[in-house]
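Single chain ahead, written as structure tokens, the form predicted on its own.
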């Protein structure tokens, strides 16, 4: 099977851009990715574009050029971008195309994500109890995890503080004001134990990746990044996940993140010990903590010590969310996972500027998680 590599990345800033449609942000991100790859739009042979708010994101061809390119719309909740890049890579691996693109774009209104539970196949009572509000679910989940594994409120605050500090060094991040753990702990409780500055927020932005056959990468770049594996898994019966209308009784069932991570490591021939830098879904500070263990990067409960020691800082043993993560960038759903990959590509190239990790990173890891209990993992390497 032919190997796929990333040869170009583009990122529109994340934040709020009144009057600018998501489609225009997406077109800007695509142009940046094409310029980075040194190719023009007419050379793209196929692609995948994801969005939550835009009904027909494939209409972006009207902004880029009507070349007849097959551009397919995809959606998998918060894992949408993971699906887009997986399919763009698969089209190369199977020989369907030599040059593909993955695009993500979104423009969310202010406030937490909300909808009628019926759109997710969930009874109305689930929404009436408040559980369909994701902030409620994530508060419940980390509260239980803290009890079971000895995680402190201070550790939640340290995670959030780290991500805002990292975002301060990222000119394309949304929330770039550093906050101390003490300031975060002093902010209002929204859903116990999570406070105001421990949650990410829906916002606006776009990102794009250009991929090609590995044996043709030399035509475009001297620093291709290999797509070693992609994996997407949905929840299993008995798992307590976002938008699960029941709580498991008896032995716990592993999260789809555990399943996706295990499959991705196996496909890549890479283990957690090989990961040099990671991007983990931090819908809230607690999610980053949980996902460290679920992705195999530590054992349950070890996060308390690792975070206190600075292991997940830019200069630590395992830097996590070096660009600020979702806490610093917000979450335009269609683009969020491609923003993660954009950061990993910069880190593996050694071009991440003030947030570049030390040494010569060779393996990067990205992880997405969200409704309705779905997780996507992508492993990249030099």
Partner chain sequence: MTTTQQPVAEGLFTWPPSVSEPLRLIGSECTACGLVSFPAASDCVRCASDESKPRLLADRGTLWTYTTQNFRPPSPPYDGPETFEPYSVGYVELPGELLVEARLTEPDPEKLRIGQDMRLTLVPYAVRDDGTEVMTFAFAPVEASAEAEEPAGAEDFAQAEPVEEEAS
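Numbering follows the first chain given and starts at 1. These figures come from a predicted structure and were not determined experimentally.
The same protein also has a form predicted together with its partner chain, omitted here; what follows describes it.
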Heavy atom contact within 4.5 Å of its partner chain in the predicted complex, the stretch among 260-268, 280-288, 246-254, 86-94: 246-254
Judged by heavy atoms and a 4.5 Å cut-off, are 17, 52 and 55 together in contact with its partner chain in the predicted complex? no
Could you spot which one of 129, 223, 152, 177 gets a heavy atom to within 4.5 Å of its partner chain in the predicted complex? 129
Single option in 165, 136, 172, 213 placed near its partner chain in the predicted complex, where near means a heavy atom within 4.5 Å: 136
Is residue 75 part of the interface with its partner chain in the predicted complex - any heavy atom within 4.5 Å? no
Taking the shortest heavy atom distance, is residue 191 within 4.5 Å of its partner chain in the predicted complex? yes
Taking heavy atoms and a 4.5 Å cut-off, does residue 123 contact its partner chain in the predicted complex? yes
Hey, in the predicted complex, is residue 115 touching its partner chain, heavy atoms inside 4.5 Å? yes
Within 83-110, which residues have a heavy atom closer than or equal to 4.5 Å from its partner chain in the predicted complex? none
